[in-house]
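Given as structure tokens, the chain that follows is alone and in the form predicted alone.
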């Protein structure tokens, strides 16, 4: 006896799941449904938020840094007002209040959130697990140079290290120094040097190793 699995117009059988929602999932559903019922948000607002989270990645932040490297006017405006970052078509879906920190030969900035894991998600995507870990959160402010060294970032003694503590109201993006030897690079090429970790400030951009 044969069994047909054909479904017209792209339809499929209902997806079955028997997983029981966890405590936090039940709470999230209840709060969301109550907020929609009270008119505080709409279902479309919630959908847009999820799409923003799914679509955000460190490449968005890399575009911002690369633009600042090649456009001095943009860089000045960005450092004065972090919201300029969202002019590049980036969706600031959670209304992040952003401050951009410029690294220099004299000062190296990096970011932590000592209370939880506050992070500029619209521009960097989801935070890495290590950023949320109690070890990083506590040690970054006490032994910053040691933490940076664990990421392979060893700074000269005459470079001042500044640790910035993110909050629910204030998030930070580090603008790393542009590597020497990239004077003739395009904005797109430069963006490939900028990683999530360089924009947190635990590493610095490095030129790719020559082949061979």
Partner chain sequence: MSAFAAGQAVRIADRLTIGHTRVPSYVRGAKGTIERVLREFLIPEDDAFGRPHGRRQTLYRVRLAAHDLWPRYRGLASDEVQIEIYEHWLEPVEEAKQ
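Residue numbers count along the first chain shown, from 1. Keep in mind the model is a prediction, meaning the values are calculated, not measured.
There is another form of this protein, the form predicted in complex with its partner chain, and it is not shown here; the text below is about that form.
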{"property": "Heavy atom of each of 154, 192 and 207 within 4.5 Å of its partner chain in the predicted bound form", "result": "no"}
{"property": "Candidate from 161, 70, 36, 177 lying within 4.5 Å of its partner chain in the predicted bound form - any heavy atom", "result": "161"}
{"property": "4.5 Å heavy atom contact, residue 116 to its partner chain in the predicted bound form", "result": "yes"}
{"property": "4.5 Å heavy atom contact, residue 141 and its partner chain in the predicted bound form", "result": "yes"}
{"property": "Contact of residue 183 with its partner chain in the predicted bound form (heavy atom, 4.5 Å)", "result": "no"}
{"property": "is_contact(residue 187, its partner chain) in the predicted bound form, heavy atom dist at most 4.5 Å", "result": "no"}
